[in-house]
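Single chain ahead, by itself, as structure tokens, in the form predicted on its own.
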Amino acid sequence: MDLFLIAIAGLIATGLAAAALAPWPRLGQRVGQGGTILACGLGLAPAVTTLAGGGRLELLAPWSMVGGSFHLLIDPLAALFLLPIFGVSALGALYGAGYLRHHEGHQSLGPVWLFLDLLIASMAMVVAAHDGLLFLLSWEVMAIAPFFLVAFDDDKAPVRDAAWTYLIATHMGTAFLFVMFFLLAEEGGSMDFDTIPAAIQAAPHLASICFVLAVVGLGSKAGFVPMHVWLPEAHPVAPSHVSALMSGVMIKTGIYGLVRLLTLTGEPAAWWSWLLIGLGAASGIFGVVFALAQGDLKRLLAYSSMENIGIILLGLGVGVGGVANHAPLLACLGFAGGLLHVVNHALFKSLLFLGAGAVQHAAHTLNLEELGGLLKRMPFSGAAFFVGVAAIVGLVPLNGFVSEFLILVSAFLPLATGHGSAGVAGVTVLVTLGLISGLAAACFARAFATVYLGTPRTAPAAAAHEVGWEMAGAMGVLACACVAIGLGAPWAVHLLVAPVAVATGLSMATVAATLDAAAGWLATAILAFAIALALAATLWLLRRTLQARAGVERQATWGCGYGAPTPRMQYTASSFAQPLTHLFHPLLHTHVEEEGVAAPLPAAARFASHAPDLFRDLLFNPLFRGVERLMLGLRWLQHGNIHLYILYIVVTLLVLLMSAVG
């Protein structure tokens, strides 16, 4: 635990030092980058040793806070979440110095490093906290720090709006967590997590109430539908390494909190599983459909985060159903798939956001309609981005395939074994995953093709260049990690034994036997892919040899009479997605702008589409307008009379005093 505390202290000290060095931006950048990487490296050490050894680190120290204790615990479940927190954050710091370099002299970068380090430290404290008050304090710091990072370019009105949207949404969720911990403390006499099982046992009805409160409170951070509205607003405007941390890592703290609560509330009710599967299906399908309709690359990736949170929820839902129905095989595979997808998504989504930052850095835009042809100009960034794309759609042999395979198997088993209601849940998960996977493939084929293939659509895209070594290095490490987990799937699954045992409450032996079988299935799948790949490579080499002997030459494809096609003759991002956005129009309500062909030899034609967020437009905007009207109706209380203000305070104190006495 000492190394963990040193890492937290190092992050805070680094942030303060970088902020103090704001007048010297180059030095502040180096201090922020080096100190953050070093502190994250120290934090990784206890996480790796705990996960590998299956033990636990604990610290219970005196604390003067009323109703709380300074209680930290790093067990295998917490260690699994600390890996992406410290690992991705270190790579984000490496990338961030290069990404922010062009801001030196124009904006103060010291506060960026301060709030970035506070975000990393607070995420780690949320995962390690074993007391409700310490959890809430860490959660609040984690809520506030990203606000200042999202508002980095605060001279732009959309950036300010996105920052405030994020802040309001995250605090609405925090209110539900306050109620949950208050109820548990009222029953158990303390906010320490060790008292929660006894409190639940004394009041069994409290378990379901707390579960629902947690789903709302933690789901607002994780991006469950319909509490996702801040994601597509905040992620596109934040610096790309901040977007990578928020989407790849920060939203997973909501998943951690939910899984941790499940370990403390005893045997779950069967309907909890259905709630998680329903939320997972809604988040996954809505997320990928809305992503398909976006014209901004980072906004597309933000909606895709909802899709992957949905996949995680599907796995957890199956796992919770397995625990509730006393089916250890389903419980192990469901939780293993969901927890592994937490790590996998952190890797490939962070890679994609860093790749989007590279595109913005090189071509000065994220509008898909203004890009194209970047692969020839940015070959390394393009290759890394392609690895992320292949991983997120679940292609073999990358890491996304491994976790989705485990979830698919966990959903298929009830059908094979005839597990009654679990079979219905299995069908739901299978159909949902199939739909999500197909739409994700179309979505990211569109993204990669319109950004990297074809010819440049604008002059800035034509002048794009490869990024520097810091940005490229961070993307390269993440791409290698995606490949390593995919190729080393059996070993990756073995590392899940201890975390899954904590999450399910099953014995290590039971979990190990189940995951050993899953590792064997994965090894067979990877071997089959390797054989198919070797066969394809052999046939390709044979074809190239025969073509060379026959004197076959490469020429331009016949252009239907156009000897020099222009970029306007390529598919645009809108036209690529139009068949699917038209199919899902009842969900998307897509706005189409079209200038069709009106003559045999038309001078121009145009097609563009835009999909608003229906939950924001139809649910939250009317709700907040109603609250605004209500608050404006109370403006008569704000009259400027200081004597009446004092009277308000006195009356409030009297009411609180009578309540306490009563």
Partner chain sequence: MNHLLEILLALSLVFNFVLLGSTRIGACVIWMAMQGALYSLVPLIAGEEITPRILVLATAALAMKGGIFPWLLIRLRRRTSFHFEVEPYIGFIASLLVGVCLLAAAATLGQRIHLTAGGYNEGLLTTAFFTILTGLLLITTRRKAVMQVVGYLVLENGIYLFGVGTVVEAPMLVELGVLLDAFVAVFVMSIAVYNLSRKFEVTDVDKLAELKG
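Residue numbers count along the first chain shown, from 1. These numbers come from a predicted model, not from an experiment. We call the rigid core the largest set of C-alpha positions that still match within 1.5 Å between the two forms.
Beyond the structure shown, there is the form predicted together with the partner chain, which is absent from this document and is the topic of what follows.
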Taking any heavy atom pair closer than or equal to 4.5 Å as contact, tell me whether residue 650 reaches the partner chain in the predicted bound form. yes
Residue 9: touches the partner chain in the predicted bound form, heavy atom cutoff 4.5 angstroms: no
Indicate whether residue 23 is a 4.5 Å heavy atom neighbour of the partner chain in the predicted bound form. no
In the predicted bound form, does residue 654 come within 4.5 Å of the partner chain, counting heavy atoms only? yes
Look at the stretches 615-623, 25-33, 633-641, 44-52 and give the one with heavy atoms within 4.5 Å of the partner chain in the predicted bound form. 633-641
Examine residue 645 after superposing the rigid core and state whether its CA is displaced by 2 Å or more between the shown form and the other one. yes
With both forms fit on the core, has residue 9 moved 2 Å or more by CA between the shown form and the other one? no
Does superposing the core leave residue 20 with a CA shift of 2 Å or more between the shown form and the other one? no
